[in-house]
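Only one chain comes next, encoded as structure tokens, the form predicted alone.
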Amino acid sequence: MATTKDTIREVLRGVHSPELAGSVADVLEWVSACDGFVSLKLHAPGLGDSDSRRRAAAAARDALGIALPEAGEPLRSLIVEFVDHAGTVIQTERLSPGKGAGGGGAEPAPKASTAPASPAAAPPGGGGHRPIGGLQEPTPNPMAGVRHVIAVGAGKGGVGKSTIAVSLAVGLARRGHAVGLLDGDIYGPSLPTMLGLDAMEQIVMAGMLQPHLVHGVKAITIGKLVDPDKPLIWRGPMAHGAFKQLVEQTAWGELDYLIVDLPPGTGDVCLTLAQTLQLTGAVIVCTPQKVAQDDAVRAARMFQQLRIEVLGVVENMSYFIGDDGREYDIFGRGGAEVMAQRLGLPFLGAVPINMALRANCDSGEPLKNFDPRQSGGGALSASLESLVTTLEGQVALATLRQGKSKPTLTIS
């Protein structure tokens, strides 16, 4: 019988700490469980100092270690994250089962391996935590030099989300911005192909991933850390840990923008992103037809529920441009724009599709999409330029609304 979240919550109601008026369940903010791998997020301010939090984590481990086998599934691993009022993780305890009540705190951090880990055998993070090959434990704040973090998401797959993410990153870099691109689609990473990374090796220096500098963009993808032919089979806690390591253990340096290409849907990675990073906002990618709009609405509502501002909607594959120059509304042009208006969201623009776009993405040459001579005419390049301009404007407005902007003085 599989362990359920309700089972874990019930067990934690019987776990008490001297610092708490009630039980550990009273400060539980989030729980994830799969095949005996359990992750908890606890509200730290109610638990005093780090030693108190460590004791609470050990007590939770002891109780779960007894109760879960009785429910039909042994406890294999427990990760407890303690967060402050703002949701920032201030302490993490990783515990192995079977140490008995009061038998000690977190297990020591695992040694880094010297070769990339296989996701099926040794998932990076989450259940059975083991760092991606050669990586150290996360630094205090590796994202301190990043001004704007923008998530690119979609309610469903196949809408060209990665194409838009790459185009935004490259387009912003062409305008002189320092840009990073994180391939957060850990189930189907496409950046190795779309950026032409096949011949490049992933470098780790001082325990930190060094991003690839291509097309003016700093890029990182889990596709360069695993066998390209191996299926990426992630369970919830594993996906959580893998994405978090890509974010926190990459040497991003100083960036104006970090574009994050999310996996489709509204699952674990999206939640981890919201809890790990302070996002400027999110971009929703949608194709014109109704079935894509339905899922895009769910994605928009998810970001709003997580208190992430939606910067706007992009209508991708708005129409097809044939070799004869004629335009074909294959999916029904304008549907995503109408959806954006109905939801009260900005519309960032419509991007067509043609043969050149497909060829440039498959060959890892996204810069060609901004050149009318290499993008099948001026329609595609003009739409991408307009998309980047509109996004810059929405980011500026969001920054003002969030109170992050500071006055600047330019002397020429």
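Numbers for residues come from their place in the sequence shown, where the first is 1. Keep in mind it's a predicted model, so treat the numbers as computed, not measured.
Quick note: we don't show the form predicted in complex with ligand ADP, though the next part is all about it.
* Is there a non-hydrogen atom of Gly322 within 4.5 angstroms of a non-hydrogen atom of ligand ADP in the predicted bound form? -> Looking in the predicted bound form, residue contacts with ligand ADP do not include Gly322, since no heavy atom lies within 4.5 Å.
Open item on the list: Using a 4.5 angstroms cut-off on non-hydrogen atoms, would Gly72 count as touching ligand ADP in the predicted bound form?
Closed with: Gly72 lies outside the contact set for ligand ADP.
Checklist entry - How about His43: is it within 4.5 Å of ligand ADP in the predicted bound form, going by heavy atoms? => result Contact with ligand ADP, no.
Q) Given that the partner is absent here, does Gly160 sit within 4.5 Å of ligand ADP in the predicted bound form, heavy atoms only? A) Gly160 belongs to the contact set for ligand ADP.
message: By the heavy atom within 4.5 Å rule, which residue out of Gln293, Thr250, Thr272, Ser190 makes contact with ligand ADP in the predicted bound form?
response: Contact with ligand ADP in the predicted bound form is made by Ser190 alone.
- Message: Considering non-hydrogen atoms and a 4.5 Å limit, which listed residue (Leu246, Ile79, Val260, Met317) is close to ligand ADP in the predicted bound form?
- Response: It is Met317 that has a heavy atom within 4.5 Å of the partner.
ask   = ligand ADP isn't shown here, but in the predicted bound form, which of 195 to 203, 151 to 159, 276 to 284, 300 to 308 has heavy atoms within 4.5 Å of it?
value = In short, 151 to 159.
Taking ligand ADP in the predicted bound form, which residues along 339 to 356 bring a heavy atom to within 4.5 Å of it?
Sequence-ordered list: Val351, Pro352, Ile353, Asn354.
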